[in-house]
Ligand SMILES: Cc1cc2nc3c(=O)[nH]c(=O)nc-3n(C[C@H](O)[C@H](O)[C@H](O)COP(=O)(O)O)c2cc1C
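A lone chain, given as structure tokens: the form predicted on its own.
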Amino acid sequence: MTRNEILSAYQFRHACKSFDAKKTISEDDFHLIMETARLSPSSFGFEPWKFLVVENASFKEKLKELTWGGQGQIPTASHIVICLARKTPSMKYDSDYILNFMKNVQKLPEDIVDLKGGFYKKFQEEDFKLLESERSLFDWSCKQCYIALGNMMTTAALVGIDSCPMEGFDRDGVEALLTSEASVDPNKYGVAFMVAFGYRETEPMEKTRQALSEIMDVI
């Protein structure tokens, strides 16, 4: 892939507010988007995310009522993804999730589990002070989720698919809906973001950004 092709994809990508409801993303293309989410990097490699693909029409209607920033996107998108971020019970350094992840996902030997676990404990307690509040650790988990979001939207743009990241929603309301209708445990997960994918029905306005010289310094 050339430099121009990469930059063209970034020029193509925009926050699409309404999609062509008659067009559906192929299973292969959507799998590609989700695979780049799965392969995204995260701090310590601990993958503090879970992705919910919303297909149920009744659930979409209820979700729309709670999403003031998705009134055009939710009814017209081909696919809607809700990203859940893990909370303290699984992301704290001494949790079963972290220990199991190092042993059975990362397949680290015992001495490296102990060493990495010590670095992770220091990181949470001292370096980033993530244990000062429940919200601190949850927000840190959300930061990791946004790396996956960027990769998903970029991948979509590279294959000609539009997207729109969404934060304009009642988080408490959406989490209550997920608890009651999707069996999501609110003690384990909170909503990081939602994102819609599909195909544009109208061309967007010209992209506006500051010049690189305005946002980059060299020290």
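Start at 1 and count along the sequence shown; that's the residue number. Bear in mind the structure is a predicted one, so any value in this text is a computation, not a measurement.
Another form exists, predicted together with the ligand; not displayed. Remarks below refer to it.
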Checklist outcome for this item: Students should find that, of V174, A157, M166, I33, the residue having a non-hydrogen atom no more than 4.5 angstroms from the ligand in the predicted bound form is M166
Item to check | F123, Y146, W140, Y97 - the one with a heavy atom within 4.5 Å of the ligand in the predicted bound form | outcome: Y146
Item to check | Heavy atom of A21 within 4.5 Å of the ligand in the predicted bound form | outcome: no
Next on the checklist: If we define contact as a non-hydrogen atom of the residue within 4.5 angstroms of the partner, is G69 a contact of the ligand in the predicted bound form?
Outcome noted: yes
Next on the checklist: Given the stretches 42-50, 56-64, 157-165, 179-187, which is the single one in contact with the ligand in the predicted bound form, using a heavy atom cutoff of 4.5 Å?
Outcome noted: 157-165
Item to check | Contact set, 5-25 vs the ligand in the predicted bound form - heavy atom within 4.5 angstroms | outcome: R13, H14, A15, K17
